[in-house]
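In the form predicted on its own, a lone chain appears below as structure tokens.
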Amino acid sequence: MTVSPIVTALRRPRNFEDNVNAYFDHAATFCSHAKGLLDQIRICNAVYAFAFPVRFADGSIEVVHAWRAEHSHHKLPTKGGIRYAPNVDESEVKALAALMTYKCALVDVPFGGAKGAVQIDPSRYTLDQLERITRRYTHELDRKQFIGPGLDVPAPDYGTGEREMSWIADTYGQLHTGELEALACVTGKPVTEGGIHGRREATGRGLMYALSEACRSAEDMAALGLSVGLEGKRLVVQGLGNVGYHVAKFCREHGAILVAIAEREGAIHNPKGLSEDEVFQFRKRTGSLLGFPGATDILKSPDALELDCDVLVPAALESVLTGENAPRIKAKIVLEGANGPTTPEADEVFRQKKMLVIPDVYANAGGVTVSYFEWLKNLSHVRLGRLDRRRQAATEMRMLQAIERATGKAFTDSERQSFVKVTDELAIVNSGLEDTMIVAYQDIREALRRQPEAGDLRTAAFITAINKVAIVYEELGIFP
């Protein structure tokens, strides 16, 4: 088997950041930009590493380590989630920030990439302790100007959610009394506190749109020996968290068959199909998905990745698809829900096997896309669709009346109600997300058509992102 330079150059111990940079370096060989410009795009512009003491209600004090990385300032504000995890480190934060830069560029969201992390296991802390840590973290970011509607806008990530984002927004608001755009300092907030409908499930829904668009290509599906569309596609999903749950739900609702779900305690398999919600509720009651009625238990979770299926969705951990297990992967399509689930060695194997890998740098961009909509909503102080709802309904009613006059047929009241629908915020968000994912996929696919030597969608995605960031730097006049 021929080995790509991307693998040859990395035959040494490395981490997630090295993998991301390896993908960048490989894609950069297909770009014509000056080395200095490529170096600037690749490097992380700023990292704030800090530690702070937190005093708890019982009087004890604990020192907490945290980071915020701003990978690229080619556009402001920077944007990226905050994760709470016991093993997170600076290198991982920089890697995730870099992915955010390329991700935002791919979906034409006008942010630079950023990422934050607090080195804790949230399950070990009480609600009061988590609130203290979150508010102190926000204070530290504000002190160094690493947060603000026009500076850096965090969002939820692994280990955080709407609750933590509401604490951040409240803390920032207290520090910036009277600032009109204060709510736009963070996204992923509860809807009642400036959030937006559809943000919670946005990453999973975006993954479904990405897969659906890929499966629309008769040429690509024929090459894989698959039919066009999602209907009947057999899915294996690793991870039943927010991303895994929703991608399973939306794909199943569009005709796919969920044949297996893997979690840390093991996996379950049923070729006739599973309901993600029933499995979720069973696991909530019992503490494990093992023993789910009608399914076969798989005691070693990684074994589920090697099941016979059409689409494999790693939606939990990084580096789960490696050079060691890649030859045994039977899926025709890998849809990357997690960040960095595939190592360069595995990527090379998949390329040789002519599998279709829909890369994380594009596929899981649904979250930041809808976060962008939330940010715009907060800046405008207007709920999406509010100004247009009645005008749209009136336009559709006039159209119906014109049809009635032309045909002589009068519609019933129930028919009128079914035709004239007032678009709500969620419908606008989903429509915008779907359009974003479709356009971005076609941009990447077109890049691969122009440069077939790139070989795969991941390299084409990085080429597209690099070119989009480079254009901004060149227009700024920094790199004439």
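As the structure is a prediction and not an experimental result, all values here were calculated from the model. Start at 1 and count along the sequence shown; that's the residue number.
In what follows, reference is made to the form predicted together with a small molecule, a form of this protein that is not presented.
Engineer: Only one of 164 to 172, 179 to 187, 347 to 355, 151 to 159 has heavy atoms within 4.5 Å of the small molecule in the predicted complex; I'd like to know which.
Structural biologist: Selected range: 151 to 159.
Engineer: To verify the annotation, which of these, Ala95, Val236, Ile147, Ala315, has a non-hydrogen atom within 4.5 Å of the small molecule in the predicted complex?
Structural biologist: Looking at the other structure, the residue within range turns out to be Ala315.
Engineer: Quick check on this chain: which one of Asn378, Thr138, Asn364, Thr78 has a heavy atom within 4.5 Å of the small molecule in the predicted complex?
Structural biologist: Looking at the other structure, the residue within range turns out to be Asn364.
Engineer: Quick one: is His74 in contact with the small molecule in the predicted complex, heavy atoms, 4.5 Å cut-off?
Structural biologist: His74: no contact with the small molecule in the predicted complex.
Engineer: In the predicted complex, does Arg199 have a heavy atom within 4.5 Å of the small molecule?
Structural biologist: Arg199 belongs to the contact set for the small molecule.
Engineer: In the predicted complex, does Asn270 come within 4.5 Å of the small molecule, counting heavy atoms only?
Structural biologist: Asn270: no, not in contact with the small molecule in the predicted complex.
Engineer: Using the partner position in the predicted complex, report whether Arg83 sits within 4.5 Å of the small molecule, counting heavy atoms only.
Structural biologist: Judged by the heavy-atom cut-off of 4.5 Å, Arg83 is in contact with the small molecule in the predicted complex.
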